[in-house]
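Coming up are structure 1 and structure 2: the same protein chain in two forms, each one given alone as structure tokens.
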Structure 1
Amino acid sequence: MLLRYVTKRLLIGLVQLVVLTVAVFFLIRLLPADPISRFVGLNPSEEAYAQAERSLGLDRPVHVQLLHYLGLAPSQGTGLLQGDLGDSWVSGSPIAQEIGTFLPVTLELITISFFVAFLIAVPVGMLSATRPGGAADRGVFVYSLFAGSQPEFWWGLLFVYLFFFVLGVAPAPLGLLSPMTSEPAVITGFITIDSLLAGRLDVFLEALHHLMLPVATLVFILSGPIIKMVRQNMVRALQSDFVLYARCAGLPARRIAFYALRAAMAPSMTLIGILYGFMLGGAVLVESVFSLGGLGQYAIRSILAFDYPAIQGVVLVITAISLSVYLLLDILHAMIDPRVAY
């Protein structure tokens, strides 16, 4: 049953990916600028323009460009079907290689951030719901006003100023490692994993140290909505009939709270999934503040430079990851809530 459901979802996801790929291909060509101007800055002659246009393949009809991009025109070269996302028009490097460099940085940052945010938000949300008006509840109210009132880059800059410049307990915002540290060989692209695989505990600890402030910034921002969602759903669950029945049956308070939490977790997990997909590109400001070369920064650079292949590649990868996360959530949802049937 589960296999059939997952297969069905994967097939639907594939169709979504194809539709989105084609839509993005045409949509970015509606952007109000011609990317060729970047190439002819020092030499804007007609000949140079034609040369740049040829080198980017933009001299061909759009349908030929699309077929080439999809990998359906073997005479034009490889494309998506052959696993080739094309080359960046900014750097000339293969897009797959560039995304392979930037994506792990973002995944590492947001996965750790969500994990920490989850560990903090769930107990706080529970506590806040089980004791309305208590200290935790009042604290959550103040915090949600505080954290939500300023954008994340502002908090990031404030944290840099306070913890790096004033207190000196955080490292300089220079990426995942100090520039003078020799990096371990790239195996997975995740510095925390690669450093452990290479037996470099010093690098692992340094990476954690460098991740401390960006993770704290994201946790500070992400915890707010998760706490609120857990709290609201807990309150609703605690008022439901099955909790009333459990209370009447004399079940211990901790067990009742566990049942209520299980009921509250499903919508909270959905929120986390949506936030995770959003943060793949939305962590860009935190990446920028802490000089982390992540996918968000890559996306912004590509958009500003009208780097069509890179934009297409980023959208494709973010979509694929988001769809995978949603699928995973659906499966988790079913595991938490026995009422869900495939």
Structure 2
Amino acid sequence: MLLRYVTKRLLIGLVQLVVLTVAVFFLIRLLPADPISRFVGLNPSEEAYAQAERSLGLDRPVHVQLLHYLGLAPSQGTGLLQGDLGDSWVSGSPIAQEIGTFLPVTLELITISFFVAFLIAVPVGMLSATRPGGAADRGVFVYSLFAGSQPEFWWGLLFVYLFFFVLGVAPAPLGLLSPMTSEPAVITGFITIDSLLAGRLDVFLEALHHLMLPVATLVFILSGPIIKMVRQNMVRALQSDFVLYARCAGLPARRIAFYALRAAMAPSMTLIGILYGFMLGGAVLVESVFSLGGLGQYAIRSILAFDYPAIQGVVLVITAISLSVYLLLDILHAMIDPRVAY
């Protein structure tokens, strides 16, 4: 039953990915912008404009451009179906190579942030749910409002001022490593993993030190809604019939809390998945504050340069990762509550 459920979700995710890829391809070309003028200037000659249009492939009908992009054109051997995202109109480099450089930075940042936020949110949410209206519950409510009352880049700047400028316990916001530190050989693209694989413990500790403030910024922002979700679902679970029956049966409080947490985690994991997909592109302001050079900054540069292939590649990669995260959460949800798979 679980295998059939996973297969169904894979097929649905594949259809969603194809539809979104085609939709983004056409929507970008409907924008009131002229990418050719970005390369030939505002007053080009007709010959220069036509040559730039041919070199970018924009002289062909839109449906022919789509076939070339997908790799379905008879005269073209590579395309999206062959794993080729195309070349950037700005740098001329393969887009897959450029995304492979920027994506690990974003994934490393948000994955560590969500892991820390999850470790904080679950026990705090459980503690708040055990005594609704108590001091802990009121403190969680105030914290959630306080953390979400300002945008993440403002908190990032505040943390830089407080922990770097005033207290001096955090490094300068100059990236993942100090400019004087030599980076380890790129194996996975994740600086923490590559440094451990290369036996560079000093680089690993330095990378964690530089990630301290950006991770703290995202944890501060993300933990609020996760705590509230865990708290609300725990309160609902503790008031359910099966928990009342477990208490009447004399089960230990710790075991009852485990059953309630299991019932409360499914919607909480859904929220985490949605936030994770959002932060793939939404962490750009935090990346800018701390000079991390992640996927969000690459996407912004591509949009400002009207680099259509790069924009399409970023959207496709973010969509694929988001759908993969949703699929993983659906599997975990089905394992927690087998009724979902029916």
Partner chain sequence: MGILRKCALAGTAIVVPALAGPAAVNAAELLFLAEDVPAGLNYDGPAAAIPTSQTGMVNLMEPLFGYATAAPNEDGVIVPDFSTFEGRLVDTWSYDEATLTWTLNLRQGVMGCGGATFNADDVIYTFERAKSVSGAAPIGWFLSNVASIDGFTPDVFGDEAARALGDEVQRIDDYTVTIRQSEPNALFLPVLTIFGLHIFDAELMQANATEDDPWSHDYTNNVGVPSFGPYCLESWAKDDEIVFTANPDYYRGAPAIERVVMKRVPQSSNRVVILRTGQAQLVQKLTPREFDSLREASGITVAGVSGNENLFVHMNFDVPPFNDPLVREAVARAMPYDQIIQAGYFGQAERWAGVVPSSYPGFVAPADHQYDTDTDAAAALLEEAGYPGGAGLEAFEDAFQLTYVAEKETTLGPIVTAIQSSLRQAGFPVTLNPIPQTQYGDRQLVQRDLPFAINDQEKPIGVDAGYAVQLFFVSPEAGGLNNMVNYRNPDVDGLWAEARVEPDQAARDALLAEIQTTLMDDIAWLPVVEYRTQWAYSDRLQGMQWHPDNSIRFFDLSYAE
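Start at 1 and count along the sequence of structure 1; that gives the residue numbers used here. Here, rigid core means the biggest group of C-alpha atoms that superpose within 1.5 Å across both forms. Just so it is clear, the model here is predicted, and its values are computed rather than measured.
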Problem set entry | Chain form predicted in complex with the partner chain, by structure number | 1
Exercise. Taking the rigid core as the frame, does V289 move its C-alpha by 2 Å or more between the two structures?
Worked result: no
Exercise. Does the C-alpha of V315 move 2 Å or more between the two structures once the rigid core is lined up?
Worked result: no
Exercise. Quick one: core overlaid, is A52 moving 2 Å or more at the Cα between the two structures?
Worked result: yes
Exercise. Core overlaid, K8 C-alpha shift between the two structures, how many Å?
Worked result: 2.9
